[in-house]
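Here's a solo chain for you in structure tokens, the form predicted alone.
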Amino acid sequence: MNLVLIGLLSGIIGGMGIGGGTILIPALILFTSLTQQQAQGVNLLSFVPVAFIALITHLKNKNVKTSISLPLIGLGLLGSILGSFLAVNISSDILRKFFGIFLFFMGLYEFFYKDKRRTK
């Protein structure tokens, strides 16, 4: 039952564009026996249908600028390939620490700089 609630919550957050992986990956590590790489793989796989539905919704509402999106998609694909090779070649402990550090700094950024971006 916990996994159903975690999946539902991460899907809702992912559909809002916030990043369901921030919920899904730590929950999979805490409540299952998956390694960090497996949890991140599950997150990426679960992201595909969520992203597809969110893309259709945002295209329908004209919230997507294709002139900006297309270069970002190309560079995102390149980055995902490089990141995948890096993730499978380092230990789960180190990858988990990198993920924790990433979440920590993203939290600090959102906490201290989010209001400044909106006032400009």
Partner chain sequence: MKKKMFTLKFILLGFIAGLINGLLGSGGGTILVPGMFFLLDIEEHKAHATAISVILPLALVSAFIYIKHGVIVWNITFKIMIGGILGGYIGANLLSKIPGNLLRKIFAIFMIIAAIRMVF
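Because the structure is a prediction, the values reported are computed rather than measured. Rigid core (definition): largest C-alpha set, two forms, superposition within 1.5 Å. Numbering follows the first chain given and starts at 1.
As for the form predicted in complex with its partner chain, it is not shown, yet the points below apply to it.
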{"property": "In the predicted complex, H58 touching its partner chain (heavy atom, 4.5 Å)", "result": "yes"}
{"property": "is_contact(S91, its partner chain) in the predicted complex, heavy atom dist at most 4.5 Å", "result": "no"}
{"property": "Sequence-ordered residues of 64-87 touching its partner chain in the predicted complex, heavy atom within 4.5 Å", "result": "V64, K65, S67, I68, S69, P71, L72, I73, L75, G76, L77, L78, G79, S80, I81, L82, G83, S84, F85, L86, A87"}
{"property": "Per-residue C-alpha change between the shown form and the other one, F102, threshold 2 Å, rigid core fit", "result": "no"}
